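Take a look at this one chain, the form predicted on its own, written out in structure tokens.
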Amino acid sequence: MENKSFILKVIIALIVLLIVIPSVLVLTQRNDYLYGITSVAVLSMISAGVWLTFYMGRINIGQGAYALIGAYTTAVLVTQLGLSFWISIFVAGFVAAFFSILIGIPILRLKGVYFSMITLTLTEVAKLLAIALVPITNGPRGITNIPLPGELSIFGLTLIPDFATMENSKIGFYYLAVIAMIITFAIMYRLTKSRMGILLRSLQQNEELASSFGVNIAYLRVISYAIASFFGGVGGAIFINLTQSVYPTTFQVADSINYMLYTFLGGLAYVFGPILGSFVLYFSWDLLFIFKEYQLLIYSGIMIILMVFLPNGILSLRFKK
């Protein structure tokens, strides 16, 4: 019975995301909201990696670094090597995961604030590398005029049309971002229900105890961190194709902190927390624009209130742990 109820909720959510919302926004010509929801989908996808890292007991404040790596990877592949965007986003994810393995092997031994402090520097390091590697990244000038995603076809059958031929390419990006978000969180949900998910949860609760039962905690931590970074890389790749440019400052330390806030606010105990957290904080910031110079003050105040009265996130209002 519970499974039927869950499946029904999923179907309703998919209908709203894939049919109702885009139809209403296109009819009302609200491209600003279309862009906003597309951004939320990408941001929640990147934040999913932060949630997964927390799930194994680490607070990750360096997700922006992997988003930047993914962004530059797809930009270079598309503009300099002429690779298809649809292939480049997967390559971007794997490149981000590769670097996360190299970085994760030494730093994942750290716990608590020490791990968080190290990851906090990663985004800045990635930015400085992007500035320094001029032959590849074009330095501070970045890479601009990134072409829109081309047609994706198999055996002559067009699966996805060329975005450049669309009357409104923003609707194409909306579907791309939302479907990528759905796939990401479906993987996350399935992962938490798997044996690997149970083992990851045991790491969060007591690593020493898990190790005493023969769990290869080093392997689990690195693989999970690589998956988390893969999401960041793919999210970064999609985002810079939406803006058609990438600069060393496209993803900054502040963005990495925001990804953590999205995750915390939505609910660390809930796999779909980053979606709600991203949605609330993104549009709250926009709505508070009317307060001008007090925008940041009010925004920070709301954040503090939410953290004080809802330490387990907004989803704790609806779901019991």
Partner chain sequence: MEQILLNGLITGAQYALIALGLTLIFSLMSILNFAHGQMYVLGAFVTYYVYGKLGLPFIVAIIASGLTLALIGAIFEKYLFNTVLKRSVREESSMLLAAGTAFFLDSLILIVFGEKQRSVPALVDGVFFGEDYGIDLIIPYNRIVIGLIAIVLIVSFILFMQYSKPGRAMRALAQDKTASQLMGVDLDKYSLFGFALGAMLAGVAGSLLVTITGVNSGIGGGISIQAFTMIMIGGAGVISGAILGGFILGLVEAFGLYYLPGDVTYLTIFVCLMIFLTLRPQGLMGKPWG
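No experiment lies behind these values; they were computed from the predicted model shown. Residue numbers count along the first chain shown, from 1.
Below: the form predicted in complex with its partner chain, not depicted.
- Taken together, L128, L261 and M303 are fully in contact with its partner chain in the predicted bound form: each brings a heavy atom within 4.5 Å.
- Although the partner is absent here, Y33 is not a contact residue: none of its heavy atoms lies within 4.5 angstroms of its partner chain in the predicted bound form.
- At the 4.5 Å threshold, heavy atoms of V253 reach its partner chain in the predicted bound form.
- When contacts are judged by a 4.5 Å heavy atom cut-off, R109 counts as touching its partner chain in the predicted bound form.
- At a distance threshold of 4.5 angstroms between non-hydrogen atoms, F279 is out of contact with its partner chain in the predicted bound form.
- Only one segment in the set 85-93, 129-137, 171-179, 70-78 has any non-hydrogen atom within 4.5 angstroms of its partner chain in the predicted bound form, and it is 129-137.
- Contact with its partner chain in the predicted bound form, defined as a heavy atom within 4.5 Å, holds for exactly one of A218, A186, V113, L209, namely V113.
- Scanning 302-317 for heavy atoms within 4.5 Å of its partner chain in the predicted bound form gives M303, I304, M307, V308, F309, P311, N312 in sequence order.
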